[in-house]
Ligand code: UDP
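The chain below stands alone, shown as C-alpha coordinates; this is the form predicted on its own.
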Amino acid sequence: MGAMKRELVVLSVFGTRPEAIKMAPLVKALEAAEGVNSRVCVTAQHRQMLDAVLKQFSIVPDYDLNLMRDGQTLTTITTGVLEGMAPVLETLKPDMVLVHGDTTTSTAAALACFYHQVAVGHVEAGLRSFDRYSPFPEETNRVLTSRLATLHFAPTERSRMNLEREGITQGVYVVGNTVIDALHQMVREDYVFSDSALRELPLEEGRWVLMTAHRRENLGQPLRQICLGVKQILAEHPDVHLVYPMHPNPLVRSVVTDILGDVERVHLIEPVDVADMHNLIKRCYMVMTDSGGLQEEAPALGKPVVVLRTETERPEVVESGLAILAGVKEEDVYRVGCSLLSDAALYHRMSHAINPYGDGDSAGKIVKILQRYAQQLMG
(Lines give C-alpha, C1' and ligand atoms only; values in the text may rest on other atoms or scores of the structure.)
Protein backbone atom coordinates (compact mmCIF):
# COMPACT_ATOMS: atom_id res chain seq x y z
CA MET A 1 0.00 0.00 0.00
CA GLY A 2 1.64 3.23 -1.19
CA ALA A 3 5.20 1.92 -0.72
CA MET A 4 6.48 3.48 -3.97
CA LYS A 5 4.83 6.86 -3.52
CA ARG A 6 7.01 9.92 -3.12
CA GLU A 7 4.48 11.52 -0.80
CA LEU A 8 2.31 10.13 1.96
CA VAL A 9 -1.29 10.48 0.80
CA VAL A 10 -3.37 11.51 3.81
CA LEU A 11 -7.16 11.82 3.60
CA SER A 12 -8.91 13.71 6.41
CA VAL A 13 -12.58 12.77 6.80
CA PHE A 14 -15.12 14.69 8.87
CA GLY A 15 -18.77 15.67 8.69
CA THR A 16 -19.90 17.79 11.64
CA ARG A 17 -19.16 21.26 12.93
CA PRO A 18 -17.24 20.11 16.06
CA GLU A 19 -15.08 17.74 14.00
CA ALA A 20 -14.36 20.45 11.45
CA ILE A 21 -13.25 22.93 14.12
CA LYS A 22 -10.80 20.42 15.56
CA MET A 23 -9.60 18.98 12.25
CA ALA A 24 -9.12 22.35 10.53
CA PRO A 25 -5.77 23.18 12.20
CA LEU A 26 -4.53 19.69 11.31
CA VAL A 27 -5.69 20.03 7.68
CA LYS A 28 -3.83 23.34 7.39
CA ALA A 29 -0.70 21.83 8.97
CA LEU A 30 -0.85 18.87 6.59
CA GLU A 31 -1.21 21.20 3.59
CA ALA A 32 2.05 22.87 4.60
CA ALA A 33 3.91 19.68 5.52
CA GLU A 34 6.79 18.33 3.47
CA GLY A 35 6.29 14.88 1.97
CA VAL A 36 2.51 14.89 2.50
CA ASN A 37 -0.22 14.95 -0.11
CA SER A 38 -3.20 16.18 1.91
CA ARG A 39 -6.78 15.59 0.78
CA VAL A 40 -10.10 16.30 2.48
CA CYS A 41 -13.41 14.42 2.32
CA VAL A 42 -16.49 15.80 4.07
CA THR A 43 -19.58 13.70 4.60
CA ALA A 44 -21.77 16.71 5.51
CA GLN A 45 -23.50 14.81 8.31
CA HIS A 46 -24.19 18.45 9.29
CA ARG A 47 -24.38 20.63 6.17
CA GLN A 48 -24.87 24.29 7.02
CA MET A 49 -22.89 24.26 10.26
CA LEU A 50 -20.04 22.34 8.62
CA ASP A 51 -19.85 24.73 5.67
CA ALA A 52 -19.48 27.71 7.97
CA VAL A 53 -16.33 26.19 9.52
CA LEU A 54 -14.89 25.24 6.13
CA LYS A 55 -15.32 28.84 5.01
CA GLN A 56 -13.80 30.17 8.22
CA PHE A 57 -10.62 28.14 7.74
CA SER A 58 -10.53 28.42 3.91
CA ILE A 59 -10.78 24.65 3.42
CA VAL A 60 -12.13 23.41 0.08
CA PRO A 61 -12.95 19.67 0.24
CA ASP A 62 -11.66 17.39 -2.49
CA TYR A 63 -14.62 15.08 -1.93
CA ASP A 64 -18.09 15.97 -0.61
CA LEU A 65 -20.53 13.14 0.09
CA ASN A 66 -23.33 15.64 0.88
CA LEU A 67 -25.21 13.16 3.05
CA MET A 68 -27.43 15.37 5.22
CA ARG A 69 -31.14 14.67 4.78
CA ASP A 70 -34.29 15.63 6.65
CA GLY A 71 -35.10 12.97 9.19
CA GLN A 72 -31.73 11.28 8.86
CA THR A 73 -30.97 8.48 11.32
CA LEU A 74 -27.82 6.86 12.62
CA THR A 75 -28.47 4.02 10.19
CA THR A 76 -28.81 6.25 7.13
CA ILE A 77 -25.70 8.22 8.08
CA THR A 78 -23.70 5.03 8.60
CA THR A 79 -24.76 3.39 5.34
CA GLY A 80 -24.31 6.67 3.47
CA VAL A 81 -20.73 7.04 4.68
CA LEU A 82 -19.90 3.40 3.92
CA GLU A 83 -21.26 3.64 0.38
CA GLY A 84 -19.92 7.13 -0.23
CA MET A 85 -16.41 6.40 0.99
CA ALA A 86 -15.96 3.28 -1.15
CA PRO A 87 -15.30 5.05 -4.51
CA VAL A 88 -13.17 7.71 -2.77
CA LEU A 89 -10.91 5.07 -1.24
CA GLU A 90 -10.76 3.05 -4.46
CA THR A 91 -9.82 6.10 -6.52
CA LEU A 92 -7.44 7.93 -4.17
CA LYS A 93 -5.85 4.88 -2.51
CA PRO A 94 -4.68 6.89 0.53
CA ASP A 95 -1.90 5.69 2.80
CA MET A 96 -3.66 7.03 5.87
CA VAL A 97 -7.18 8.25 6.62
CA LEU A 98 -7.62 10.58 9.59
CA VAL A 99 -10.93 10.60 11.47
CA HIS A 100 -11.87 12.55 14.54
CA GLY A 101 -13.41 11.74 17.87
CA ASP A 102 -16.75 10.07 18.27
CA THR A 103 -19.14 10.92 15.46
CA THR A 104 -21.00 8.40 13.35
CA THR A 105 -19.09 9.81 10.37
CA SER A 106 -15.78 8.87 12.00
CA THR A 107 -16.78 5.32 12.93
CA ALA A 108 -18.36 4.58 9.56
CA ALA A 109 -15.37 6.06 7.72
CA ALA A 110 -13.01 3.93 9.80
CA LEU A 111 -15.09 0.84 8.99
CA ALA A 112 -15.00 1.72 5.28
CA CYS A 113 -11.22 1.95 5.54
CA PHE A 114 -11.07 -1.46 7.20
CA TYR A 115 -13.05 -2.94 4.32
CA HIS A 116 -10.49 -1.44 1.92
CA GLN A 117 -7.47 -2.29 4.11
CA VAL A 118 -6.52 1.36 4.52
CA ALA A 119 -4.82 2.51 7.73
CA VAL A 120 -6.74 4.85 10.05
CA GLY A 121 -5.39 7.55 12.35
CA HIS A 122 -7.81 8.47 15.16
CA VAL A 123 -7.53 12.08 16.30
CA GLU A 124 -8.80 12.68 19.87
CA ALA A 125 -8.58 9.00 20.73
CA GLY A 126 -9.13 7.39 24.10
CA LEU A 127 -11.96 9.43 25.59
CA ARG A 128 -14.33 7.28 27.63
CA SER A 129 -17.43 7.79 29.77
CA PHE A 130 -17.67 3.99 30.39
CA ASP A 131 -21.40 4.00 29.68
CA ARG A 132 -22.16 2.76 26.18
CA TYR A 133 -25.46 4.64 26.05
CA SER A 134 -24.24 7.95 27.46
CA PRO A 135 -23.32 9.91 25.51
CA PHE A 136 -25.24 8.06 22.78
CA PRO A 137 -24.04 7.11 20.23
CA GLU A 138 -20.68 8.79 20.85
CA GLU A 139 -19.30 6.49 23.53
CA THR A 140 -19.71 3.34 21.45
CA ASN A 141 -18.57 5.18 18.31
CA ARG A 142 -15.20 6.03 19.85
CA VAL A 143 -14.71 2.54 21.28
CA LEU A 144 -15.38 1.00 17.85
CA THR A 145 -13.09 3.50 16.12
CA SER A 146 -10.28 2.60 18.51
CA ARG A 147 -10.58 -1.05 17.45
CA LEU A 148 -10.25 -0.05 13.79
CA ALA A 149 -7.42 2.50 14.03
CA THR A 150 -3.68 2.00 13.48
CA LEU A 151 -2.54 5.30 15.01
CA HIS A 152 -4.18 6.82 18.08
CA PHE A 153 -3.65 10.52 18.83
CA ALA A 154 -4.71 10.84 22.47
CA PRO A 155 -5.21 14.35 23.87
CA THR A 156 -4.11 13.50 27.43
CA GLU A 157 -2.30 10.87 29.47
CA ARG A 158 -5.69 9.79 30.87
CA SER A 159 -6.88 9.06 27.34
CA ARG A 160 -3.74 7.01 26.68
CA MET A 161 -4.37 5.01 29.85
CA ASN A 162 -7.95 4.31 28.78
CA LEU A 163 -6.64 2.79 25.55
CA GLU A 164 -4.03 0.78 27.42
CA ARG A 165 -6.74 -0.74 29.62
CA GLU A 166 -8.41 -1.97 26.43
CA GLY A 167 -5.16 -3.57 25.25
CA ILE A 168 -4.29 -0.80 22.78
CA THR A 169 -0.64 0.07 23.32
CA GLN A 170 0.85 0.26 19.83
CA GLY A 171 0.75 3.47 17.81
CA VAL A 172 -0.56 5.57 20.72
CA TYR A 173 0.71 9.15 21.08
CA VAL A 174 -0.25 11.86 23.59
CA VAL A 175 -0.43 15.07 21.56
CA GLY A 176 -2.85 17.44 23.31
CA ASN A 177 -6.05 18.62 21.67
CA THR A 178 -6.18 20.35 18.30
CA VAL A 179 -9.00 22.60 19.51
CA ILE A 180 -6.38 24.61 21.41
CA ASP A 181 -4.61 25.17 18.09
CA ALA A 182 -7.86 26.52 16.64
CA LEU A 183 -8.38 28.81 19.63
CA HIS A 184 -4.93 30.32 19.29
CA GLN A 185 -5.65 31.10 15.66
CA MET A 186 -9.05 32.70 16.30
CA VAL A 187 -9.10 34.72 19.53
CA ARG A 188 -8.02 38.37 19.33
CA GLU A 189 -8.41 41.36 21.64
CA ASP A 190 -9.57 43.57 18.76
CA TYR A 191 -11.99 40.99 17.34
CA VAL A 192 -15.24 42.27 15.84
CA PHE A 193 -18.11 39.77 15.75
CA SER A 194 -19.35 38.86 12.29
CA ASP A 195 -22.82 37.96 13.63
CA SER A 196 -25.05 41.03 13.93
CA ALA A 197 -26.90 39.60 16.96
CA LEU A 198 -23.60 39.33 18.84
CA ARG A 199 -22.55 42.84 17.86
CA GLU A 200 -25.76 44.15 19.42
CA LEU A 201 -25.27 42.45 22.79
CA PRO A 202 -24.27 44.84 25.62
CA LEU A 203 -21.33 42.64 26.65
CA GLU A 204 -19.81 45.44 28.72
CA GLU A 205 -22.81 45.34 31.08
CA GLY A 206 -22.80 42.92 34.00
CA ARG A 207 -21.63 39.30 33.86
CA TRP A 208 -22.38 37.12 30.85
CA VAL A 209 -22.97 33.38 30.89
CA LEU A 210 -22.60 31.47 27.64
CA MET A 211 -24.87 28.44 27.47
CA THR A 212 -25.28 25.60 25.00
CA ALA A 213 -27.30 22.41 25.45
CA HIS A 214 -28.32 20.06 22.67
CA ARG A 215 -26.96 16.60 23.45
CA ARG A 216 -29.22 13.72 22.44
CA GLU A 217 -29.51 12.24 25.93
CA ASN A 218 -30.54 15.66 27.32
CA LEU A 219 -33.49 16.11 24.96
CA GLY A 220 -36.89 16.26 26.65
CA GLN A 221 -37.14 16.34 30.43
CA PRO A 222 -33.40 16.83 31.18
CA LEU A 223 -33.29 19.94 28.98
CA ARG A 224 -36.44 21.27 30.66
CA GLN A 225 -34.82 20.78 34.06
CA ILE A 226 -31.63 22.52 32.90
CA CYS A 227 -33.56 25.51 31.56
CA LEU A 228 -35.65 25.81 34.73
CA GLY A 229 -32.47 25.85 36.83
CA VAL A 230 -30.97 28.53 34.61
CA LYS A 231 -34.16 30.59 34.77
CA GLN A 232 -33.93 30.54 38.56
CA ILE A 233 -30.28 31.64 38.44
CA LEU A 234 -31.19 34.66 36.28
CA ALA A 235 -34.04 35.60 38.62
CA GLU A 236 -31.70 35.80 41.60
CA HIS A 237 -28.74 37.52 39.92
CA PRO A 238 -29.86 40.81 38.33
CA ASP A 239 -26.38 41.56 36.97
CA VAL A 240 -26.21 38.29 34.98
CA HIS A 241 -27.04 37.98 31.28
CA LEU A 242 -27.32 34.69 29.38
CA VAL A 243 -26.49 34.21 25.70
CA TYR A 244 -27.60 30.91 24.17
CA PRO A 245 -26.75 30.07 20.53
CA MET A 246 -29.47 27.50 19.91
CA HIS A 247 -28.86 24.28 18.03
CA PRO A 248 -31.14 23.96 14.94
CA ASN A 249 -32.81 20.81 16.31
CA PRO A 250 -36.51 21.68 16.84
CA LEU A 251 -36.58 19.42 19.91
CA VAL A 252 -34.02 21.76 21.47
CA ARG A 253 -35.64 25.00 20.33
CA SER A 254 -39.16 24.19 21.46
CA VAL A 255 -38.07 23.54 25.05
CA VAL A 256 -35.61 26.43 25.28
CA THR A 257 -37.98 29.03 23.84
CA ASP A 258 -40.86 27.76 26.00
CA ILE A 259 -38.92 28.21 29.25
CA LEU A 260 -36.36 30.94 28.50
CA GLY A 261 -37.91 32.78 25.56
CA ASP A 262 -39.50 35.58 27.59
CA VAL A 263 -36.97 35.74 30.43
CA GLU A 264 -35.34 39.13 30.95
CA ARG A 265 -31.61 39.26 30.13
CA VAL A 266 -31.76 35.98 28.18
CA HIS A 267 -30.58 36.31 24.58
CA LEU A 268 -31.52 33.35 22.35
CA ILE A 269 -29.62 33.59 19.08
CA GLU A 270 -28.87 31.51 16.01
CA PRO A 271 -25.72 29.33 15.92
CA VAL A 272 -22.57 31.39 15.39
CA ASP A 273 -19.41 30.61 13.47
CA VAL A 274 -16.31 29.24 15.13
CA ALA A 275 -14.42 32.54 15.36
CA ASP A 276 -17.42 34.30 16.87
CA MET A 277 -17.90 31.43 19.34
CA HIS A 278 -14.29 31.39 20.50
CA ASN A 279 -14.24 35.14 20.98
CA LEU A 280 -17.61 35.04 22.74
CA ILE A 281 -16.19 32.51 25.22
CA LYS A 282 -13.32 34.91 25.86
CA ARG A 283 -15.71 37.75 26.71
CA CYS A 284 -18.03 35.75 28.96
CA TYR A 285 -17.79 35.20 32.71
CA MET A 286 -18.41 31.46 32.58
CA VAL A 287 -19.85 28.69 30.39
CA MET A 288 -22.72 26.27 31.02
CA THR A 289 -22.78 23.45 28.49
CA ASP A 290 -23.34 19.80 27.61
CA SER A 291 -20.89 20.16 24.72
CA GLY A 292 -17.66 18.19 24.69
CA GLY A 293 -15.65 20.79 22.81
CA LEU A 294 -16.59 23.66 25.08
CA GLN A 295 -15.25 21.70 28.06
CA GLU A 296 -11.85 22.02 26.38
CA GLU A 297 -12.18 25.45 24.79
CA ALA A 298 -13.46 27.47 27.75
CA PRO A 299 -10.73 26.40 30.22
CA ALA A 300 -8.07 27.27 27.63
CA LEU A 301 -9.43 30.82 27.82
CA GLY A 302 -9.64 30.87 31.63
CA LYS A 303 -13.42 30.44 31.80
CA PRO A 304 -14.95 28.04 34.36
CA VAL A 305 -17.36 25.45 32.99
CA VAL A 306 -20.58 24.07 34.45
CA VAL A 307 -21.05 20.71 32.71
CA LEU A 308 -24.75 20.01 32.14
CA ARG A 309 -24.38 16.24 32.10
CA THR A 310 -24.35 13.34 34.53
CA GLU A 311 -20.91 12.16 33.36
CA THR A 312 -18.06 13.36 31.20
CA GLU A 313 -15.48 11.61 29.05
CA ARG A 314 -13.23 14.58 29.83
CA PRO A 315 -12.63 13.96 33.56
CA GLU A 316 -9.35 15.87 33.31
CA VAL A 317 -11.19 19.21 33.30
CA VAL A 318 -13.10 18.30 36.46
CA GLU A 319 -10.04 16.87 38.24
CA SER A 320 -7.95 19.91 37.26
CA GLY A 321 -10.55 22.18 38.84
CA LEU A 322 -11.55 23.74 35.51
CA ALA A 323 -15.12 22.42 35.45
CA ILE A 324 -17.89 21.23 37.76
CA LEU A 325 -20.14 18.33 36.79
CA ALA A 326 -23.59 19.66 37.64
CA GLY A 327 -25.87 16.97 36.28
CA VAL A 328 -29.23 17.76 34.70
CA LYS A 329 -31.59 18.30 37.65
CA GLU A 330 -33.04 21.78 38.15
CA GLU A 331 -31.83 22.14 41.74
CA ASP A 332 -28.28 20.98 40.90
CA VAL A 333 -27.94 23.27 37.88
CA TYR A 334 -29.18 26.15 40.04
CA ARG A 335 -26.86 25.32 42.94
CA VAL A 336 -23.68 24.95 40.89
CA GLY A 337 -24.39 27.99 38.74
CA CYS A 338 -25.05 30.14 41.80
CA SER A 339 -21.87 28.91 43.51
CA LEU A 340 -19.71 30.23 40.69
CA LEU A 341 -21.56 33.52 40.62
CA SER A 342 -21.34 34.11 44.39
CA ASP A 343 -18.06 32.49 45.49
CA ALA A 344 -15.20 34.70 44.25
CA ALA A 345 -12.51 32.36 45.62
CA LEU A 346 -14.00 29.37 43.77
CA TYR A 347 -14.21 31.36 40.56
CA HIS A 348 -10.60 32.51 40.88
CA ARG A 349 -9.34 28.97 41.45
CA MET A 350 -11.24 27.62 38.45
CA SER A 351 -10.29 30.43 36.10
CA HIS A 352 -6.58 30.06 36.95
CA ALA A 353 -6.25 26.25 36.91
CA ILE A 354 -3.88 24.65 34.41
CA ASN A 355 -5.46 23.37 31.20
CA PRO A 356 -4.56 19.70 30.55
CA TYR A 357 -5.11 19.88 26.79
CA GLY A 358 -1.76 21.12 25.57
CA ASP A 359 -0.03 24.20 24.29
CA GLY A 360 -1.64 24.72 20.88
CA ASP A 361 0.83 22.65 18.86
CA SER A 362 -1.15 19.40 18.62
CA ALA A 363 -1.46 19.57 14.83
CA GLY A 364 2.30 20.00 14.47
CA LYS A 365 2.94 17.00 16.70
CA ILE A 366 0.54 14.82 14.68
CA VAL A 367 2.17 15.87 11.39
CA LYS A 368 5.63 14.89 12.68
CA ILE A 369 4.30 11.47 13.74
CA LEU A 370 2.77 10.99 10.28
CA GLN A 371 6.05 11.97 8.62
CA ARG A 372 7.86 9.33 10.70
CA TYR A 373 5.13 6.85 9.77
CA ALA A 374 5.74 7.68 6.09
CA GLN A 375 9.47 6.95 6.46
CA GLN A 376 8.71 3.55 7.96
CA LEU A 377 6.04 2.82 5.33
CA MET A 378 8.23 3.73 2.40
CA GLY A 379 11.45 2.31 3.72
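The structure presented is a predicted model; accordingly, all values stated were derived computationally and were not measured. One-based numbering along the sequence shown.
Although it is not shown, the form predicted in complex with the named molecule is what the next lines describe.
Taking a 4.5 Å heavy atom cutoff to the named molecule in the model of the complex, the contact residue among 283, 224, 215, 160 is 215. Proximity to the named molecule in the model of the complex, taken as a non-hydrogen atom within 4.5 angstroms, holds for one residue of 118, 230, 287, 274, which is 274. With a 4.5 Å cutoff on heavy atoms, residue 84 does not count as touching the named molecule in the model of the complex; it lies far away. The closest heavy atom approach of residue 25 to the named molecule in the model of the complex falls outside 4.5 Å. Using a 4.5 angstroms threshold between heavy atoms, residue 152 stays clear of the named molecule in the model of the complex. Although the partner is absent here, residue 11 lies well away from the named molecule in the model of the complex, with no heavy atom inside 4.5 Å. Using a 4.5 Å heavy atom cutoff, none of 122, 176 and 364 lies near the named molecule in the model of the complex. Considering the named molecule in the model of the complex, the lone stretch of 110-118, 258-266, 274-282, 85-93 in range is 274-282 [heavy atom distance within 4.5 Å]. Taking a 4.5 Å heavy atom cutoff to the named molecule in the model of the complex, the one contacting residue in 221-252 is 245.
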